[in-house]
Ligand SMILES: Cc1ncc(COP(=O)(O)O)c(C=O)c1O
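Just one chain is shown here, as structure tokens, and it is the form predicted alone.
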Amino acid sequence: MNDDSSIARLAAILRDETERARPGDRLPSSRELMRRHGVSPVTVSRAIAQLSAEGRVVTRPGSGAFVAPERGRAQAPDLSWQTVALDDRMVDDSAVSGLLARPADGVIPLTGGYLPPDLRPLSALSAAAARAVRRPESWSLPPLNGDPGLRRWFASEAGGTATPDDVLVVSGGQAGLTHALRALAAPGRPVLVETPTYPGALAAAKAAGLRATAVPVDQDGVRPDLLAEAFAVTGARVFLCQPTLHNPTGATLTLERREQVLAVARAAGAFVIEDDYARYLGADPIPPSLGSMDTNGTVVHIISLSKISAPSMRVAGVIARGPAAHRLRASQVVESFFVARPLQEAALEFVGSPAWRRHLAAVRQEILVRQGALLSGLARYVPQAEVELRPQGGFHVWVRLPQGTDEAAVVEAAQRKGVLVSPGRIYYPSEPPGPRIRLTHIASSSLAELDEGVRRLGTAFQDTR
């Protein structure tokens, strides 16, 4: 049976179930639907999306799908015709949406990628934004490649020989990744990625029509020998990486390997997209970026502000040279013209204030405290789990579960206990090597909540043994 007929069959079954159920009733979990009907996760996702479009169900991230209220169901138009009109270029945003979803009341997040409200520099950001928007010129058209002062700041942060003319201001790190992938590789071409890697990078590559090919990492980051082999075998001309505090493993590429990666990419005539998302999340000294070591335009370097400040500070700098820089700028102009000038000026006000350095110091100290608390909690409540690496900063730890553990069952059991964790499978472009989960210490509201979340995870793990 092909995928379309499987989706239609499952949608019909669920449609009948919603007719018999009461508004607010919860549908079976995705795992249960897969087991019961022998279908894939994509089939379940598309069937539920179809019922959601019909107004028959409502989905709540982290909680599941529920039968919609009667009024919403009665008014919903029939949009099933779109299934035929749309082709199969579906963008699977489930992994990224799961990481961005707000947890339900009483649920402790051990996943996510942003500072909790109490750690965000809200007063400093508000003051910076107020100063910015009071200037009448802040509402005028900005330079298309970004505010000159902000470009100067990003260039100085990037180091090396970067100049303000090399910088393009974009709407956050994810936008930087998307523009870079589209600009540097044509649809259908391979792109090399670390494995495991950030799910947003995998989603962006797929949305650009690229084929992600995995290059393994170890505790010192990506292996240059395997990178060279992957370039040779695939003919790829782009390698996307996070050399500092790699997500999810926390590995930081050694200086020797950084030099080797640049040499391998130059020999292959390829670009390196450096996602420097964690530049401000680690202890000093910060390793030199690949971009600062590059002398011939090999590296496209991305620095983001949202991780270290607040989710809606969607501002990042992309540093590139030559024809690649032109293509990046063209990609942004065609897609969205420019980043809103008030946001750019607020960002510049913030990073130029004394509050910026104070905030950096406070967050780095909190990261050390919370990481220690998470590791202590794991040793106490989940001693069977193995932390593969203690990162020198960052928000996450990468945890190996005992061989034979049902990773999905652990994640679902944890959710039932009221704690959210990230399944390891979403970080792999191909088959995972074994059961793993990523745990985030920064998303919880306090150390007490963090400890309770790990305790709940331990209970969930025992329930699946």
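Because the structure is a prediction, the values reported are computed rather than measured. Start at 1 and count along the sequence shown; that's the residue number.
Although it is not shown, the form predicted in complex with the named molecule is what the next lines describe.
A single residue from the set S306, T195, S138, S292 has any heavy atom within 4.5 angstroms of the named molecule in the model of the complex; that residue is S306.
A heavy atom within 4.5 Å of the named molecule in the model of the complex is found for one listed residue only; from G172, G160, G282, P103, this is G172. Comment: 174-182 is the region of 250-258, 174-182, 353-361, 317-325 lying near the named molecule in the model of the complex, near meaning a non-hydrogen atom within 4.5 Å.
Interface residue remark: T111 is not counted as part of the site for the named molecule in the model of the complex, having no heavy atom within 4.5 Å. In the model of the complex, no heavy atom of Q332 sits within 4.5 Å of the named molecule.
The named molecule in the model of the complex comes within 4.5 Å of a heavy atom belonging to Y277.
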